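Shown next as structure tokens: one chain only, the form predicted alone.
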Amino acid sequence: MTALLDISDLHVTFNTRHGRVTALDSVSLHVNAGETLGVVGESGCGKSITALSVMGLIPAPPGKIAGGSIKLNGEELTTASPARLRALRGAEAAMIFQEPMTSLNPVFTVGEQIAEAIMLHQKASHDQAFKQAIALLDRVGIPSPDTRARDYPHQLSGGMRQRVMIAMAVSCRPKLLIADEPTTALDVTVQAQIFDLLNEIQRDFGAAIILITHDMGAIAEMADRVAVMYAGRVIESARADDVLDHPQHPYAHGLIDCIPNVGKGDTSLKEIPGVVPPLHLLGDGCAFAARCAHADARCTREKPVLTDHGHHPVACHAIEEARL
């Protein structure tokens, strides 16, 4: 199957006060039409930078795509003109940002903001676009959509604003939908509703979804495949069930262990010691070595490569040497 989105050996750098740092290092991902790829990891692991790279939204300067390829439906995006990227955004690929209050314009009604994308990409009149916006608000479960379309973002609850973001993202039926932490700061019941809505949208529109999250529970709920990222690299990649049931990398183990197993009476909260290292302090070895109980001298001096060691691809010297 030809991938709808194919990211190959992607490198992204940023100029900082510490010099040039690498935010993405040899990232390779793909997602097929109609499937959900979960991209998981702590804050600072490179998940959102990967999404912004796909959307052509890396701020330049200070950021730069320094190498690699991003192909959407076979079209290379890293060399596309700004005008071509603007045409693709919304029409072919759309993104749901993690904080709708800062993503929605506070001085325009939500209906006008949805209608703007429809007018731009579908060449519809204002009245036609606004009617479609009301229909989309109804589709994403907002009550009294004709009234709510005339409300401003601050007049809506957090869950409603997130639904507005989803309505805006799917207004032109893009083939690829990127959801960047779409349930941040929402109540648990509202989170479940948002995930159900994304599943319905995918089923009805046939869109591929990239779900960016730090929540392994969300991965279990939504994803067909998962890529675990750490310090700007993909360190494990497989079908979601394989990673959840048989995690190989110590970091993936740690993420899953952080989920309390209430069903088995275990309500204790576990943590992964330490933090993701600052990008300018990354050395030549494995970025997880300082937090890993299985690290040895090789881990501190040699960067592991994502390789299939019999179960699924993982970047870990301890697995390669059968020390786990």
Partner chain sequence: MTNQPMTETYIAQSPSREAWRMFRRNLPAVFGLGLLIAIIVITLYGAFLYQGDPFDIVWAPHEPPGVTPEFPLGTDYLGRDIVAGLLMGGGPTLAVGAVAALITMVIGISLGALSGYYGGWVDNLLMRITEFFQVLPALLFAMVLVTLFSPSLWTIAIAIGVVSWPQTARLTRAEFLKIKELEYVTAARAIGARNRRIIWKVILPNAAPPLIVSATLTIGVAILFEAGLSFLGLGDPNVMSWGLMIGANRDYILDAWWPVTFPGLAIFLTVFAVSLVGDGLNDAFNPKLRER
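Computed from a predicted model, the values in this text were never measured in an experiment. Residue numbers count along the first chain shown, from 1.
The next section is about a form of this same protein that is not shown, the form predicted together with the partner chain.
Enquirer: For the partner chain, considered in the model of the complex: do all three of L197, D215 and E221 come within 4.5 Å of it, counting heavy atoms only?
Expert: So, no: the whole triplet misses the partner chain.
Enquirer: At 4.5 Å between heavy atoms, is H246 in contact with the partner chain in the model of the complex?
Expert: H246: no, not in contact with the partner chain in the model of the complex.
Enquirer: Residue-level contact is defined here as any heavy atom of the residue lying within 4.5 Å of the partner chain in the model of the complex; does R86 satisfy this criterion?
Expert: Flag for R86 set to yes.
Enquirer: Does the partner chain come within 4.5 Å of any heavy atom of T79 in the model of the complex?
Expert: No - in the model of the complex, heavy atoms of T79 and the partner chain never come within 4.5 Å of each other.
Enquirer: Using a 4.5 angstroms cut-off on non-hydrogen atoms, would F108 count as touching the partner chain in the model of the complex?
Expert: Because a heavy atom of F108 falls inside 4.5 Å of the partner chain in the model of the complex, the answer is yes.
Enquirer: Find the only residue in R173, R148, H253, K131 having a heavy atom within 4.5 Å of the partner chain in the model of the complex.
Expert: So the residue touching the partner chain in the model of the complex, by this definition, is R148.
Enquirer: Going by heavy atom distances of 4.5 angstroms or less, which of I259, A290, M55, L282 would be at the interface with the partner chain in the model of the complex?
Expert: Answer to the contact question: M55.
Enquirer: Partner absent here, but in the model of the complex, which of 234 to 242, 117 to 125, 197 to 205, 221 to 229 has residues with a heavy atom within 4.5 Å of the partner chain?
Expert: Going through the listed ranges, the match is 117 to 125.
Enquirer: May I ask you to list the residues of 79 to 118 that have any heavy atom within 4.5 angstroms of the partner chain in the model of the complex, in sequence order?
Expert: Residues within 4.5 Å: R86, R89, G90, A93, M95, F97, Q98, E99, T102, S103, L104, N105, P106, V107, F108, E116, A117.
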